[in-house]
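In the form predicted alone, a lone chain appears below as structure tokens.
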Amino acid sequence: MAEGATARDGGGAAPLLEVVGLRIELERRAEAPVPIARDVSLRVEEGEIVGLIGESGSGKTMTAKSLLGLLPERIRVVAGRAMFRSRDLFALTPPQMREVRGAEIALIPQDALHALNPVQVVGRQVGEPVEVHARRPGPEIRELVVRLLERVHIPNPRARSADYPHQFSGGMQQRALTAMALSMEPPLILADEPTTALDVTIQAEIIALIRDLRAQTGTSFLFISHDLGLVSSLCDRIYVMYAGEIVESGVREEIFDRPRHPYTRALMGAAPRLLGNPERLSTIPGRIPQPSEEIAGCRFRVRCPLAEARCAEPPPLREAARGHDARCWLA
């Protein structure tokens, strides 16, 4: 499929979310702006869990934050559209975005300790979206908070709702953020590394919770991660991001059984869960380029073992198989 195309396998209703041609730039005072994301296109269907994977610094978090108007200072969306239920998120005014944020699209941010307000009790923070959007009475919100904390398996939820974030373990903090995201039962949740720094038991609980939510409510997820083991067990479709670009996309089976881009294959080679814990893991030579680095042609070619002369020209994102796109001349 050509870059920027919006066709869907099998046709049918429009996706819940469709991002086309997104470009994000960091503005600099005396120099040209730096691209953070380049012509990013992705979609999330109703009731679907979509993975967005890649190394740290690939642009995954900035892509997600752009959808909710949460980009840091001097980082701007300069091109593209993000259609969510017939509205372009990038065209919304700040008051309109506040109505969407938390009520229709929720974010589970990474680093739960810093995402929670240390001077407010957890229950107040979990119930804040309901207080802002639904304006329910205080006692009703408090009861809802107890049910939400119980739903994410916080023990003794009524008492723990009066605790401060530092009194929660890392896993409980992450579950509290998940409860906050669920409070308005939004149709779309952006889960940004929701299992980072959690032990495998708590990771399994979070993943089971996401599966249950999809089954019970039809909630869709954009699941951002660099843990390919989790993504392979959870997501329906996957986008692979490298240096601000989508370099491969397709259904889970296509991506993991028949990866077409050398970067995707390199990621899998470095993932112990996918290789059965071999004695020696492969590594990707070099490092991901900084956004300000100018690289002619394919941005992965300086690290790619298969690079050849034509890779000096930028490859388009094109169809390698039905429903499977790759940004590589060799695909």
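We number the residues from 1 along the sequence you see. Bear in mind that the values here come from a model prediction, so they are computed numbers and not experimental data.
There is another form of the same protein, the form predicted in complex with a small molecule; it is not shown, and what comes next is about it.
Proximity to the small molecule in the predicted complex holds for all of 57, 62 and 291, with the criterion being a heavy atom within 4.5 Å. Remark: of stretches 174-182, 67-75, 120-128, 245-253, the one touching the small molecule in the predicted complex is 67-75 (heavy atom within 4.5 Å). The closest heavy atom approach of residue 26 to the small molecule in the predicted complex falls within 4.5 Å. Heavy atoms of residue 40 never reach within 4.5 Å of the small molecule in the predicted complex, leaving it off the interface.
Contact check for residue 49: every heavy atom lies farther than 4.5 Å from the small molecule in the predicted complex. The small molecule is not drawn, but in the predicted complex it has no heavy atom within 4.5 Å of residue 298.
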